[in-house]
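Form predicted alone, single chain, as structure tokens, below.
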Amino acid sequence: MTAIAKSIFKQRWIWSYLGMIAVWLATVTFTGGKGGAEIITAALSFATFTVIVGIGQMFVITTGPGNVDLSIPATIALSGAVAMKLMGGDNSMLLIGIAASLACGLAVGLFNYMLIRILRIPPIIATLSSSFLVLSTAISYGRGLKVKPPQLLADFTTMQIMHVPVLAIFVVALAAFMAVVLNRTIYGRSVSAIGQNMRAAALAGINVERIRFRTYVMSAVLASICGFLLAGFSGGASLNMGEEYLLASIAVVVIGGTSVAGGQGNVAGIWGAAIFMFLLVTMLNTFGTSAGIRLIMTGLIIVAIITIAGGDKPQR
């Protein structure tokens, strides 16, 4: 039993779940046991969207140092605005909205990779530059947009079964599928190999640029899906609805056990990290801390979790 426990605690992702449990217990203790179940339901609802973009960001970061997608918030805004405007609140236009949303993600992913590959711009600069252009497009297209989502979409994103959000169930299934992709497919293993040593991966016969292309496109498509679902959940699209997912998508990846040095991805930890971050803010709000103190304490606790998890191991 001790050996099993030691094996579990060697897994970096376990600390996100332990942090999640500790923060929830602290909050429930402070409230005298009231609202514990409701907090978990809310955490599952809001963490779902962070998990969707976190999975895409995780694959990008796993491809190696310097790889990160900073265009995620802009892609969310563009996808939500385009889909909502095309659907106009009509259930019969739902499939058109989904197709338009996916097309937005595909276009952003292609543009990001073009900047990285053809113009040789570092990924962090390329995706940051791309985000300004994408967000400008969203502003131009969706200025003054006040369209409610189709009722079917709104119902799906807010539906619960025994206080468990239906959308969260679907995203758990998505995360499980992506874990299989990362660990059991040629593509997923190629992503890890590139992150460990890009030159060695190329010498081993891996088409490095094809894998990177697929990864950036996948990240953008997942961000567009998040934008579509988030617009349905929040009652419509807004141009700033993706702002909080810029740092959140990176934080949940790191806290969840993925190495920022690349080559070591982890899907399971993203869920624990996403719920942990929501519960952390909830706990600090419950304690009545000011906005400044909340930001400071959030940063310190996140650093503590990352430090306890062991940091990045050097790649050979």
Partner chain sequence: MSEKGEHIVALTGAAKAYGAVRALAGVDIAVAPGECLGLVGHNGAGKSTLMNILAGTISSDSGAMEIHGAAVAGRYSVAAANQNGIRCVFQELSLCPNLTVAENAQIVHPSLKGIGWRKRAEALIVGKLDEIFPGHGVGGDDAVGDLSIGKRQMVEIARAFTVTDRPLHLVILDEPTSSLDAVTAGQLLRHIREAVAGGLSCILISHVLGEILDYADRIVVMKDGKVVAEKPATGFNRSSLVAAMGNVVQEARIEARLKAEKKRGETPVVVSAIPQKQPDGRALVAHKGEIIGLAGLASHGQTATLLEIYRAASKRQVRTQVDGPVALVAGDRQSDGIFHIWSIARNVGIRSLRSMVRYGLIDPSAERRMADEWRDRIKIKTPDMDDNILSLSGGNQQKALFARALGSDAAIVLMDDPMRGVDVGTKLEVYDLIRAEAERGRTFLWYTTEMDELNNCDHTYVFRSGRIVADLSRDELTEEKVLQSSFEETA
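In this text, all values refer to a predicted model and were calculated from it rather than measured experimentally. Positions refer to the first chain, counted from 1.
Not pictured, yet referred to below: the form predicted in complex with its partner chain.
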Legend entry - is_contact(residue 45, its partner chain) in the predicted complex, heavy atom dist at most 4.5 Å: no
Inset, instruction - Flag residue 214 as yes or no: does it have a non-hydrogen atom within 4.5 angstroms of any non-hydrogen atom of its partner chain in the predicted complex? - result: no
Legend entry - 4.5 angstroms heavy atom contact with its partner chain in the predicted complex for residue 85: no
Inset, instruction - Verify the contact flag for residue 178: yes if a non-hydrogen atom of it lies within 4.5 Å of a non-hydrogen atom of its partner chain in the predicted complex, no if not. - result: no
Legend entry - Proximity to its partner chain in the predicted complex, single hit among 202, 96, 110, 159 (heavy atom within 4.5 Å): 202
Inset, instruction - Name the stretch: of 97-105, 190-198, 166-174, 218-226, exactly one has residues whose heavy atoms fall within 4.5 Å of its partner chain in the predicted complex. - result: 190-198
Inset, instruction - Between 264-297 and its partner chain in the predicted complex, list the residues on our side with a heavy atom within 4.5 Å. - result: 264
